[in-house]
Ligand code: T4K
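Next up: a single chain in structure tokens, the form predicted alone.
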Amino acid sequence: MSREGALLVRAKQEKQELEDLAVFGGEPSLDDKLYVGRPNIGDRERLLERINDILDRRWLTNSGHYVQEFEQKIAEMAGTRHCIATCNGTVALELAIRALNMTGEVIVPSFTFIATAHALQWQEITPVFCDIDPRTHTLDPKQVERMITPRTTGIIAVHLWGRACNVDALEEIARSRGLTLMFDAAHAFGCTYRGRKIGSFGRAEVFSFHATKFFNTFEGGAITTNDDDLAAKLRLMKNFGFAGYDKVIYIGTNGKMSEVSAAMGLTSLESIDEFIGVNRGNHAQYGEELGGLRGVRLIPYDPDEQCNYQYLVLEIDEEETQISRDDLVQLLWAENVLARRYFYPGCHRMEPYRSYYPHAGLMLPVTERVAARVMLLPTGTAIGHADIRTICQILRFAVTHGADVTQMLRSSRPPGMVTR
């Protein structure tokens, strides 16, 4: 029997009693672990052809044939004049921040991956954490205005879950207050804002092509911009400041993308419509399976915008479900569904920021509420329809019996035990 067939059989063996849940000693619903962010793999034969060509050329890095082709295609997709490919998204952030001469204080969301804040702090720039819109989970422009001080030089907004920030409002704030605006677009490759591709907003936008992203280059990132001078500066900075064979004219570092990463990127581009189609279908199935389940909200995507549907995001309202987000995560892990809390507990509650700003949470009530509610589930080409059906059946059962599950978890959990 095929794996899909076996999963269909297993999916029919639904949880009937609380003791059927693996967290209480029952058999896990899935034999194999399902991860959030499992890599999508395109045409392996095409990738291996490119890798063999790289080996034949004996040009493995330093802006070779495949990196140049990759940069050209990413710029075309983003609708920009320039794409500067990098070894990863974090280095891309650091390069863009430095090239834009950000100093002092820069306003960022706390509800983001820690790299957004670290890229500033690493360069002795103070990240000023700003609250988010409860509906979009992105920077709230009204709150941004409140956080501006005489030391503020810039804003780094994050397009979260592939849903764009309020770009127009942020650009107006930046213009009127003389601030530099750039975007962390790690989640948003292939997405649009008001019909325009993300990549050309602000002074620059930064993408991540890490293996966990729906579109990956194994490991990699890129900066896109329409600013010719900024692009030239970034190209110097990512290659030690070299402006010729033995001519260094600027301070720089090693931020280059390798040829093999570019080969993976080009191969992934050839399958990008398939990846997005699978994600879209998965999102629709989750929506159908979980529709009407009390206290469980599937984050929607705007049908009028292009989106990569990269993340399957739920908000859990514990008052309605009578079971917490953290308890649901624990329960799912026992079933081999490795659900994740994103971006828990918020950058402001991670070091060194919680020591620097112990009372930051008072200014971030929406961030704290959302961080306690958000849960991500597996999607992408590594899971099938039967997997989704099984995950949703577990969730329906757990929420339907939320109070009883919570009581059993509390009685079976040793005092002082910390949940995942």
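The model shown is predicted, which means the values in this text are computed figures rather than measured ones. Position 1 is the first residue in the sequence shown; the rest follow in order.
Absent from the display: the form predicted in complex with the named molecule. The rest refers to it.
For a residue to qualify, one of its non-hydrogen atoms must sit within 4.5 Å of the named molecule in the model of the complex; all three of Gly37, Thr112 and Lys213 qualify. Interface residue among Phe343, Phe129, Tyr193, Tyr286 relative to the named molecule in the model of the complex, by the heavy atom within 4.5 Å criterion: Phe343.
Site annotation in the model of the complex: the residue of Leu93, Met264, Met257, Val108 reaching within 4.5 Å of the named molecule with a heavy atom is Leu93. Between 390-398, 37-45, 362-370, 61-69, the stretch whose residues reach within 4.5 angstroms of the named molecule in the model of the complex through a non-hydrogen atom is 37-45. In the model of the complex, the named molecule sits beyond 4.5 Å of every heavy atom of Thr80. Put simply, Gln322 is far from the named molecule in the model of the complex: not one heavy atom of it is within 4.5 Å. Under a 4.5 angstroms non-hydrogen atom cutoff, the named molecule in the model of the complex has Thr116 among its neighbouring residues. The shortest heavy atom separation between Tyr309 and the named molecule in the model of the complex exceeds 4.5 Å. If you take 156-177 and check each residue for a heavy atom within 4.5 Å of the named molecule in the model of the complex, you get just Val158.
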